[in-house]
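Form predicted on its own, single chain, as structure tokens, below.
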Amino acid sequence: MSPATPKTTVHRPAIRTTVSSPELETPLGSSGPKAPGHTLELNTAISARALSVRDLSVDFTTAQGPLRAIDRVSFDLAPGEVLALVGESGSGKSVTARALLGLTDPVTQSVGGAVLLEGESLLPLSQAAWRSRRGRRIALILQDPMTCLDPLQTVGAHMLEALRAHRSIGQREAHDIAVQALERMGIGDAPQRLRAWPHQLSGGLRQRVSIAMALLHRPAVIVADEPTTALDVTVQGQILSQVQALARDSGTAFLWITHDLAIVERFADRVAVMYAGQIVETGQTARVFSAPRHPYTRALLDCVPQRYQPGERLAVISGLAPSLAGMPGGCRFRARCAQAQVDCSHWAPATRTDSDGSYLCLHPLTP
């Protein structure tokens, strides 16, 4: 595989406490008893975090009753850190992203748990309060930049609107800030680009513009949902390098949602692996890639083509992820796990935390 590029070292508070959490030990749909003796380690210095997520759950309202799409997800994000959220399609990554920004549908989706942005609880906010924070303190970048770019407005009009949504600002000052934002993203001839229409830009330039817009207010957190998937590898690498530098220089934290584990290995400080609506493993990227604890993480890594020699047969993960309507009891990955044991169908695993990260497995892989 390609050598890893240097990553920013993020110093995070180490104040921790271990508490008993029996209510977290049985996921929705579990029919068996709880595995005894497990604890969940929680970080108490949440005010020092850019983002702290605790027991985030999202239920979809259906004719058959509520179905849980996100089940008690917890993680922390430090200032200037890049945390990659990975997993198969349908694992809940994009639903998690929308919940973090208050973009779930209040009629068909209900959200529980806690999301704290620099210590402030977000989930109880009204829609008006959400609008005052969304874009200014927490921002979203989507896979297709045209979802946030109006073809009837120039780049400059988009950026002016984004600036004036959160501050009183004159035309000249707004122009200067917009130019600086484009230049930070490596866009040449920025004043001319402000006069361009979205259709006049390449896909790579449009994505750079969307990232520049997200950075206009230097938010504490940016959630990026597959923002480089549709780009060629050269442009992709350039954007990733620029985002790394911006995280280091501005202190903005990134939650980077992706399927591309090769990108994660080069780019992310930490990684969180999601399966069937749950976080099954977290840790420093180097540790997770070299010594995964959860069998699902191991299976994902075994599917990375760069890990094979020419002519070798690629591994696949057999079977399919469970549907929301048929979530099994016990371990959700057990039907696809090569080392599942009898107790995996009866005991619902609880999150275990050690010095190297956390994992959700009754029989973790040996480091």
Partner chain sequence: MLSEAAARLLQSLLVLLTMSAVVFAGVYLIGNPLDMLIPPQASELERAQAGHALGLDQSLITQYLLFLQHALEGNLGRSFFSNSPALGLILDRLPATIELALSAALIAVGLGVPIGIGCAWYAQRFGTRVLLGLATLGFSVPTFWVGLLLIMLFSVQLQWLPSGGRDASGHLFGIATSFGSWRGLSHLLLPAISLALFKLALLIRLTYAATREVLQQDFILAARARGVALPRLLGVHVLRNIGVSLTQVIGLEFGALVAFSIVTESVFAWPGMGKLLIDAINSLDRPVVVAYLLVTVTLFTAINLVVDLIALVLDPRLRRAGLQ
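Everything numeric here is computed off the predicted structure, so don't read it as measured data. Numbering follows the first chain given and starts at 1.
There is another form of the same protein, the form predicted together with the partner chain; it is not shown, and what comes next is about it.
Chemist: Is it the case that Arg98, Asp105 and Glu161 all touch the partner chain in the predicted complex, with a non-hydrogen atom of each within 4.5 angstroms?
Modeler: Answer is yes for this spot.
Chemist: Looking at 67 to 75, 291 to 299, 151 to 159, 115 to 123, which stretch has residues with any non-hydrogen atom within 4.5 Å of the partner chain in the predicted complex?
Modeler: Selected range: 151 to 159.
Chemist: Glu226 near the partner chain in the predicted complex, any heavy atom under 4.5 Å?
Modeler: Close contact is absent here: in the predicted complex, Glu226 is far from the partner chain, nothing within 4.5 Å, heavy atoms only.
Chemist: Although the partner isn't part of this model, could you tell me whether Asp260 comes within 4.5 Å of the partner chain in the predicted complex, counting any heavy atom of the residue?
Modeler: No - in the predicted complex, heavy atoms of Asp260 and the partner chain never come within 4.5 Å of each other.
Chemist: Given that the partner is absent here, does Gln171 sit within 4.5 Å of the partner chain in the predicted complex, heavy atoms only?
Modeler: No, Gln171 is distant from the partner.
Chemist: Given that the partner chain is not shown alongside this chain, does Leu140 nevertheless sit within 4.5 Å of it in the predicted complex, heavy atom to heavy atom?
Modeler: Output for Leu140 is yes: heavy atoms within 4.5 Å of the partner chain.
Chemist: Which residue, Ser89, Ser202, Thr147, Thr234, is the contact with the partner chain in the predicted complex, using a 4.5 Å heavy atom cutoff?
Modeler: Selected residue: Thr147.
Chemist: Can you work out which of Arg184, His175, Arg218, His166 has a heavy atom no more than 4.5 Å from the partner chain in the predicted complex?
Modeler: For this set of options, the contacting one is His166.
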